[in-house]
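There is one chain below, alone, in structure tokens, taken in the form predicted alone.
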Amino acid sequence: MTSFDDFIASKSSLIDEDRGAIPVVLSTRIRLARNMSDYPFPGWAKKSQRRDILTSCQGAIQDLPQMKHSSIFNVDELSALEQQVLVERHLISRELCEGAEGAGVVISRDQSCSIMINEEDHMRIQVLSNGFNFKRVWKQIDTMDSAIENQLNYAFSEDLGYLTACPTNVGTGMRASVMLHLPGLVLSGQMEKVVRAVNQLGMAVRGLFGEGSDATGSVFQISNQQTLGQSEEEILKRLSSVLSAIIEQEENARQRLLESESVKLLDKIGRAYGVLQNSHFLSSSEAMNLLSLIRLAIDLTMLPEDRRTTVDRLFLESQPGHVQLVAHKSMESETRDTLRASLLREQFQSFPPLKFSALDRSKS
């Protein structure tokens, strides 16, 4: 088993690498639900069967070239704080943390791939990437899925496709999603209309941490809901078309804000910058909303592009688990809020002044 400290010390392609100039799209994810035909679904399996499932899946996964030097964790051996950190990194789900015996995860060295074992299904295979990269992510996860299928007998029906514990995943078993930063639509009051339109197209809109989470920081996760009756390529093509339209709407909303409400926008960005440089008490949701405005300032060239990676990393490091990770202990919320403000204050001391003149240039 991997040491959690060693895992945290290793570099993550999603956190540590330079993302480049990607104004709206934060990340792309594709997840596949897979089950073995030889065992009941995890919710119906006996303890001994769950342990066998864990062993079989881990063995097949470790043979993959993409998972060389991977980290392996049994969930019941992780502390509550360690579990929370993995949830915040989108490497495991809250449901896996609540799993019975045999729940585990295998995470690639660069943390771009994680495979949960004995969550709702025997395996949830997931690949994450910065930016809008459905084609590359699909190629990677499809290769991994085929290699695992060569070693394990998947539960598959010629009529229905891949069989899953929840009927809504039957068929391809695929959920594809993109994490979008949409402050223009939020500030202009158009987000509710966009959510309704996307839902009518059979797609889901959720917050940063999926179902039931709030969309703090103007960050939204948009994914397909249909898994049956369409191929993976058709699902990705349809979703890409919808996402491209949303990105265009976000860009238009920003332009309208620049044209009609530039003073209010300047004020919001300036206040966010001042609070982050001087605050001594910040909740995670407030920090996210302030960082959202700073990311928008980078998009508007009010801050240099090389600060984008720092801001995106701070989105993650402002979360409760990661704040406590810095202190190496669990904390009450007030203590966390004080430490979070201190950490952000330290980071923003080195930020250059805002170039408010850049907003005037962008309007011309």
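Don't overthink the numbering: it's just position in the shown sequence, from 1. Since the model is a prediction, treat every value here as computed from it, not as a measurement.
Another form exists, predicted in complex with a further copy of the same chain; not displayed. Remarks below refer to it.
**Q** Can you work out whether L282 and a further copy of the same chain are in contact in the predicted bound form, taking contact to mean some heavy atom pair no more than 4.5 Å apart?
**A** Output for L282 is yes: heavy atoms within 4.5 Å of a further copy of the same chain.
**Q** Is there any non-hydrogen atom of V275 lying within 4.5 Å of a further copy of the same chain in the predicted bound form?
**A** Contact with a further copy of the same chain, yes.
**Q** Considering only heavy atoms, tell me if M191 and a further copy of the same chain come within 4.5 Å of each other in the predicted bound form.
**A** Because no heavy atom of M191 falls inside 4.5 Å of a further copy of the same chain in the predicted bound form, the answer is no.
**Q** Flag K139 as yes or no: does it have a non-hydrogen atom within 4.5 angstroms of any non-hydrogen atom of a further copy of the same chain in the predicted bound form?
**A** K139 lies outside the contact set for a further copy of the same chain.
**Q** Have a look at G202, G229, G131, G270 for me and say which one sits with a heavy atom within 4.5 Å of a further copy of the same chain in the predicted bound form.
**A** Selected residue: G270.
**Q** Work out which of S70, T338, T310, S27 lies within 4.5 Å of a further copy of the same chain in the predicted bound form, going by heavy atoms.
**A** Looking at S70, T338, T310, S27 one by one, just T338 meets the 4.5 Å heavy-atom criterion.
**Q** Does a further copy of the same chain come within 4.5 Å of a heavy atom in each of V263, L266 and F356 in the predicted bound form?
**A** Verified in the predicted bound form; spot residues all in contact, yes.
**Q** Please pick out the stretch from 173-181, 73-81, 282-290, 104-112 that is in contact with a further copy of the same chain in the predicted bound form, where contact means heavy atoms within 4.5 Å.
**A** It is 282-290 that comes within 4.5 Å of the partner.
**Q** Within 132-146, which residues have a heavy atom closer than or equal to 4.5 Å from a further copy of the same chain in the predicted bound form?
**A** Heavy-atom contacts within 4.5 Å come from no residue here.
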